[in-house]
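Two separate entries follow, structure 1 and structure 2, each one form of the same protein chain as structure tokens.
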Structure 1
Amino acid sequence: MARYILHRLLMMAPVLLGVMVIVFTIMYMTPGDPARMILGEGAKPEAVAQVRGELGLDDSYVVQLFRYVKNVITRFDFGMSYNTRKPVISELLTRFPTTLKLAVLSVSISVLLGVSTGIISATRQYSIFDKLATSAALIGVSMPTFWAGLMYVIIFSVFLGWLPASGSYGWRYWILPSFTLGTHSAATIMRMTRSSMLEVIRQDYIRTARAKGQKEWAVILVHAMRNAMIPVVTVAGLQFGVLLGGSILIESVFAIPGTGKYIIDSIKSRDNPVVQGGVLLLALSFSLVNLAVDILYGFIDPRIKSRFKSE
């Protein structure tokens, strides 16, 4: 098991290196001068040239890329923010717990709704509930999260006045953004749970359990659900990683001061180190979530756990 985890951690290195190179290249080729963005449009050319020299923007692409990658690998240094003149890593880490909280709340809602609805739909295939749930899941997958968030704000904040439209000052402020992200992911989890459960409940051991007089809830929850959870856990883990990155738009819609909103604001102001560090942090989080999902397989399926031990 330890060898497997070490192997996966080593495999993450080229992925993160590729993310660094790609994001740095995109930001380097993006039109606009960060030095002029810092000083303003009316700044003198001499002042702009001085700031460019201080930031190392006059160096070639290769030199800047090599310096950035070396600092990240050797010192875990993402550079200094152009706007606040503070270390990027500290700025991101102060905001990351807010993004993580939003992702955890959203994935909790999505798993609760998606798994329960998928199980009921599978056990009552072609019923009214199954048809309504499948249609709702299709609509939920098709709706962009930022559009759904705006619609929820109009309905529940503007028209009904039940919930606040923006901010993160109390538990009521987290309902709309968590529900927006959670329902979108729940649609995907529901469809996967339904298809996986339909495949499992047709197996011979399910018929055997029923023939032995097992209660229906025990057959579904003990025998069928555990064997159907592998693909569901995979999708739920991927959705959690997606929610960490997908919260960028939702944080902007609901004015939540998390990592996503910070990255959006930094893109507008051409604060390149923040954008590069933020994307790299999200990529690292996504990779760690995938690793955690792979390890969780061993606790769900004994066959996978035995394979871990053999490694």
Structure 2
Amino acid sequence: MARYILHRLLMMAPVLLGVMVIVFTIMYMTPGDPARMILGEGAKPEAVAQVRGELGLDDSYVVQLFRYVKNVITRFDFGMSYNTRKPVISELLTRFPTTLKLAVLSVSISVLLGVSTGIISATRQYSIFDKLATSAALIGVSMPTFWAGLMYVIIFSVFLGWLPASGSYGWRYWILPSFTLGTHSAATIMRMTRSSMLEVIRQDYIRTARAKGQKEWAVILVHAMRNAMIPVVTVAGLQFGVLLGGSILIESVFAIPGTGKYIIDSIKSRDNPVVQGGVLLLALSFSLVNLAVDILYGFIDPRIKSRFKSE
């Protein structure tokens, strides 16, 4: 197993390096002079030239790229925020736990809701429950998260007055945002669980389990579930990426001071190093989650584990 994890980690390194190059290049192409941005309108040309020199902006693209990648890898240095003059990494890390909390809450909601309704739907195919759940999931997939969030605000805060609409001051503030994101990806997970479960429960070994007198719940939860979960885990891992993207929108809708909202605010104030670092941080956590998913495969599906043992 250690070998397998090591193998995946080694495969991740070039991908992350590539992500750094792409993110740097995107931000490098952004129009506007960062030195002018720092000094503000009406700065003297000499001062601009001096700041450009200090930031190394006059160097070629390749030199700047290498410096950026080197700083990130060796010192975990993402540069300085133009607005606050503080290291980007510390600014990001103070906000990251908020985003992580939102993501973990939403993933928990979506997996619990999606897997359970998916299993019930599959075991009672074409029942009323199944029809309602599949239609609800289709509508859920079709709803933009930010609009769903706004509608929940209208229903639960404006009309009913049950929950606060925005901010993050206590647990009640987390209900609407995590519910919004969670139900959205629950829809995808439910659809995947249902179709993969339907495929599995038609197989011979399930009939064998039933024939030997195994209880129905054990057939579903022990025998069928383990095989049905492999594609579901993949989708859940990919949904985490969708959630990280969605958290940008949801944090803006609910005014949650997380990484996502920080990135958007920085895009608007043209604070490039922050945008660069933020995108990199989110892509890194997405890759780590995918790595975790790959490792989880090994536990669910022993065939994958044994393949790496024999090598």
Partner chain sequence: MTILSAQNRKVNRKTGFWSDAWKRLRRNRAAMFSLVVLTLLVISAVFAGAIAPYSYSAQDYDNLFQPPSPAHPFGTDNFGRDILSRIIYGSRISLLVGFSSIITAIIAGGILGAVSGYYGNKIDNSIMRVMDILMAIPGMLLAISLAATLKPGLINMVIAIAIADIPGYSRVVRASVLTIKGQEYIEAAQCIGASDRRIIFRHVLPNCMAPIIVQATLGMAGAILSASSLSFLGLGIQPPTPEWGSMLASARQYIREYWHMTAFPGLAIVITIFALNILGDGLRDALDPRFRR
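Only the largest set of C-alpha atoms that superpose within 1.5 Å between the two forms is called the rigid core. Quick note, the numbers are simply positions in structure 1, starting from 1. Since this is a predicted model, take the numbers as computed values, not measurements.
Colleague: Is structure 1 or structure 2 the form predicted on its own?
Modeller: The chain shown as structure 1 is the form predicted on its own.
Colleague: Please indicate which of 204, 74, 128, 160 marks the hinge of the motion between structures 1 and 2, where one rigid part turns against the other.
Modeller: The hinge residue here is 74.
Colleague: How big is the turn of the smaller rigid part relative to the larger between structures 1 and 2, in degrees?
Modeller: After superposing the larger part, the smaller part appears rotated by 8 degrees.
Colleague: So with the rigid core superposed, the C-alpha of residue 63 shifts by how many Å between structures 1 and 2?
Modeller: For residue 63, the alpha-carbon shift amounts to 4.7 Å.
Colleague: Could you tell me how many Å the Cα atom of residue 22 shifts between structures 1 and 2 when the rigid core is held superposed?
Modeller: It moves 3.2 Å at the C-alpha.
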